[in-house]
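Take a look at this single chain, the form predicted alone, given in structure tokens.
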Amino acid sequence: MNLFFSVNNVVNPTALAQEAIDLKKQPFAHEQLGKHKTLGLIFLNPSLRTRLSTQKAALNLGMNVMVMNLDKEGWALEMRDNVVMNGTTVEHIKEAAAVMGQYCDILGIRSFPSLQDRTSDYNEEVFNKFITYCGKPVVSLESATLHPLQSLADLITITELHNSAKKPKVVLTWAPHIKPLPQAVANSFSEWMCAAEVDFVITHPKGYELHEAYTKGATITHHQEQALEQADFIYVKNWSSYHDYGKVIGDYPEWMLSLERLKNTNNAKIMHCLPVRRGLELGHDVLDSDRSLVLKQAENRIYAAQIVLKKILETQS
């Protein structure tokens, strides 16, 4: 593995999740694998879980870690080619990414979408520039369209907790928010669930349809109550409109889940990638109950990152 950007970089997502669960039992078993190797984590946007969990994963593998908040600590980057840099940008991505590749054995990149230009965002122009110019394996720490480490952690969590031979029913439900958010987590969770051994349903108000490329194989409905019936796992997430790009086209406060609204599920466990706005996206009663898996998901972010880094290091040894 030299690139971890989407589920398409994984041969068998279910098998990878199980490998991560096995690794979790002996997290320091492969410390020698990363000895004298350096992971560079480059953040163009804020992070809590992604930064700390990936650092922890690298340390478990014996790696050195360098972190740079490029949006605050670095020079303003120019992403366009063949331009005269007589404006606010100071350094071109060609040199910046190449230098990072010289200093590091693996690079992790985090970059959010603009939510202004759908073509640019969905072409992943920023992320692809790093891949082109750094010359080293790259791990997505979230991009304009996808968040694969989060989705792998989510699959690990479901795999750990589902104890029936029957496929679990997994529901992704839209939730209210006060501002437009990217589609990345929803896109990513959708494509991983469509590739996993689950019965997958997506529910959202009209107008919040995701890009079809990420939802092939899913059942999609605008009727939340119907979608939640007999659900085993419910993933709660807000996202802005894809078709009316980056827009909030309705508040729909009635879409927030409470314990009362879970009564027709199969005692469903509730998932969210965090951070979560309590009382807006998800009820306090749900988050404070034993139905909530949000901390378990956050813990599994370590092992999602660790199994990916392990796979990459194995190709370098």
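Each residue number is its position in the shown sequence, starting from 1. Since we're looking at a predicted model, the values are computed, not measured.
Form predicted in complex with a small molecule: not shown, discussed below.
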Option from 66-74, 244-252, 267-275, 31-39 whose residues, in the predicted bound form, bring a heavy atom within 4.5 Å of the small molecule: 267-275
Heavy atom of Ser258 within 4.5 Å of the small molecule in the predicted bound form: no
Would Ser289 count as a contact of the small molecule in the predicted bound form, using a 4.5 angstroms cut-off between non-hydrogen atoms? no
Is Thr50 close enough to touch the small molecule in the predicted bound form, meaning at least one heavy atom pair within 4.5 Å? yes
Against the small molecule in the predicted bound form, would His204 count as a contact residue? Criterion: heavy atoms within 4.5 Å. no
Exactly one residue in Gln150, Ser140, Thr157, Asn187 has a non-hydrogen atom within 4.5 Å of the small molecule in the predicted bound form; which is it? Gln150
Under a 4.5 angstroms heavy atom criterion, identify the one residue in Gly279, Pro46, Gly62, Pro27 near the small molecule in the predicted bound form. Pro46
